[in-house]
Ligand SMILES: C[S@@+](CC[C@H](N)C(=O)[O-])C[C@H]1O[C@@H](n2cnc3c(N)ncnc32)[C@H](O)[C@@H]1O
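A single chain, nothing else alongside it, follows as structure tokens in the form predicted alone.
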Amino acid sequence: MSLSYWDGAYRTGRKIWGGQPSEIARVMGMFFEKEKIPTSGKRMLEIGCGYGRDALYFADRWKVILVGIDPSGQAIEMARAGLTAKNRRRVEFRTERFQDVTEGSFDLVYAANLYQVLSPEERNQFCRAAPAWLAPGGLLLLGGLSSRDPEHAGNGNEISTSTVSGEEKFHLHLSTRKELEADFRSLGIRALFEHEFLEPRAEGEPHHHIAWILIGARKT
């Protein structure tokens, strides 16, 4: 993952995708309501929290005790600025890579729009580490771009795409169902489905995406 790119994107303090929770977070919320999965008081880790829009959504909606991590110090500064007296005691933001997480026993681990920007080795590291972050029966909540994503017109292969400035590159991977089933075979997959949506942008037209929603449980 290109840290220099993301630090640059967040340096202006601009909320790239606006201040509302992501579509992935909303879909996860609806799934949990439908399945009547309890969340109050659960320990939750968000990997790649960016400027905290999903973390604060879950903290307020689900009443979880949440740790949000992101390798971009610029993003974490923005996330901390969004804390309020209401959620400050239950939410902590850290500048940290997922490879450096040593804590386990989280009831919920959430990562949205992260898996697609990891290199092949980073994805392997993520898949190996995921069960260790979870308490027995804990859930991994993953959202990542599909190989059918209209915005990037990928076919599941590794591709690179230009940054906003066009001066640097960042890695982008579009996943297939078969690949995700293999990547997370160490977990019991409870749900795996595609979701199509328009992603708002702070500037410019919305992006048209198709993303995978994966919910997997640590095996006991």
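Sequential numbering from 1, following the sequence displayed. Given the structure is predicted, the values throughout are model-derived calculations rather than measurements.
Missing here is the form predicted together with the named molecule; even so, the following discussion is about that form.
Identify whether the named molecule in the predicted bound form is within 4.5 Å of every residue in the set Y10, C49 and E96, based on non-hydrogen atoms. Looking in the predicted bound form, the three residues Y10, C49 and E96 all sit within 4.5 Å of the named molecule (heavy atoms).
Evaluate R53 for contact with the named molecule in the predicted bound form, applying a 4.5 angstroms cut-off between non-hydrogen atoms, and reply yes or no. Although the named molecule is absent here, R53 would touch it in the predicted bound form, with heavy atoms inside 4.5 Å.
When the contact criterion is heavy atoms within 4.5 Å, does L3 count as touching the named molecule in the predicted bound form? Within the cut-off, so yes.
Is there any non-hydrogen atom of N113 lying within 4.5 Å of the named molecule in the predicted bound form? Yes - in the predicted bound form, heavy atoms of N113 and the named molecule come within 4.5 Å of each other.
Applying a 4.5 Å heavy atom distance criterion, does A130 contact the named molecule in the predicted bound form? Answer no; every heavy atom of A130 is more than 4.5 Å from the named molecule in the predicted bound form.
Which listed residue (L141, L134, V117, M78) meets the criterion of a heavy atom within 4.5 Å of the named molecule in the predicted bound form? Answer to the contact question: V117.
Taking 4.5 angstroms as the heavy atom distance cut-off, pick the stretch from 26-34, 39-47, 184-192, 58-66 that is near the named molecule in the predicted bound form. Partner-contacting stretch among the options: 39-47.
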